[in-house]
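Next up: a single chain in structure tokens, the form predicted on its own.
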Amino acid sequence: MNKLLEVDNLSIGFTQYFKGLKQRKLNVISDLTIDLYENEILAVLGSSGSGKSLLAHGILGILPPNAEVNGLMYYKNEELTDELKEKLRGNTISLIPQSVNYLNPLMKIKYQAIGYIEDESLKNEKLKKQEEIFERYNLDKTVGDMYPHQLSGGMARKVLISTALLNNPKIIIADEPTPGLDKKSVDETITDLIDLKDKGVSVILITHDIDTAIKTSDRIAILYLGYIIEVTETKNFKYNNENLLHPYTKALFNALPENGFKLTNGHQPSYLNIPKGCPYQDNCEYKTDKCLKKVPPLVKIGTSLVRCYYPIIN
């Protein structure tokens, strides 16, 4: 498979004022490296506040002005500059946003889907395509003339997915597409994402729901305190944990209900208190002095990547 998207050593931070005119730097994403292949669903899995949505915004180039960005990104081996991001955004790379609140409550759905188009001929062409895509996702023609408050949660999610498809994207970033949905709607969303892959669209699924990640993706990238600490094939989560390498990834596996719901003590630290060495050191039973002093590099072991000095290899 060919790589569509590469993110190399991405870091994103913010300068904040506090207690009057004092400044502090928050490093929210650090040394992040992932890639996305053609015809793949890559799940980026992490707890709330781990930097998942910020990664999506960094790829799309929609970060706030006070963001400080370092690192490189490539689309089909071409550097993803700000100019290229603007060209690809909404066309080649589309976003399914985290919340249905992204829908304008005062605008009919069909006009939100196609955006502002002055040329009448082109507008009618887009509206026809919008109806075709809506029909593909079992949305009646009348949905286009509705306002967001008239949609159910499941319908609104389908509208967001359909809208993202209007310009035939190669990559879709689905940012937390399932929170707040009932089980039926979650299952439908999973089916829709797999359907996108089957139609040749690569997907970055950003989620904190490990069950959704396992059911949907081909690979899972584990994000912890802004660091990618492991990238592994999803099948390694489905049967046993012998091919999972990082202690945190093992803990996630063991916490699944089908694996005994074994919980570990501790929580993800604040970005104001990022450890000097390994980001997971506060909660790791295997840490040594080396782990306290320097962040481990992300290294390849087999088909996986892991950021750990002492990966657990069974």
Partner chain sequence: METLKAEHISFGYNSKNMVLNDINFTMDNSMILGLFGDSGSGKSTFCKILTGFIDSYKGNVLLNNKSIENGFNPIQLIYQHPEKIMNPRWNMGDILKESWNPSEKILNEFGIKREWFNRYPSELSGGELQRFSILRALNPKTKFIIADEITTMLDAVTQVQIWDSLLKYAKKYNIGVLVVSHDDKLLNKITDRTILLDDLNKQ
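Residue numbers count along the first chain shown, from 1. Since we're looking at a predicted model, the values are computed, not measured.
Heads up, the form predicted together with its partner chain isn't pictured, but that's what we're talking about next.
Q: Give me the residue from Cys284, Leu36, Ala251, Ala56 that has a heavy atom within 4.5 Å of its partner chain in the predicted complex.
A: Exactly one listed residue reaches within 4.5 Å, namely Ala251.
Q: Taking its partner chain as it sits in the predicted complex, is Leu256 in contact with it (heavy atom to heavy atom, 4.5 Å or less)?
A: Yes, contact at 4.5 Å.
Q: With the partner left out here, check for me: in the predicted complex, does some heavy atom of His208 sit within 4.5 Å of its partner chain?
A: Result yes; His208 sits at the interface with its partner chain in the predicted complex.
Q: Can you work out whether Gln268 and its partner chain are in contact in the predicted complex, taking contact to mean some heavy atom pair no more than 4.5 Å apart?
A: Although its partner chain is absent here, Gln268 would touch it in the predicted complex, with heavy atoms inside 4.5 Å.
Q: Just checking whether Lys141 would be counted as a contact of its partner chain in the predicted complex - the rule being heavy atoms within 4.5 angstroms.
A: Judged by the heavy-atom cut-off of 4.5 Å, Lys141 is well away from its partner chain in the predicted complex.
Q: Thinking of its partner chain in the predicted complex, which stretch from 107-115, 145-153, 176-184, 233-241 has heavy atoms inside 4.5 Å of it?
A: Contact criterion met by 176-184 only.
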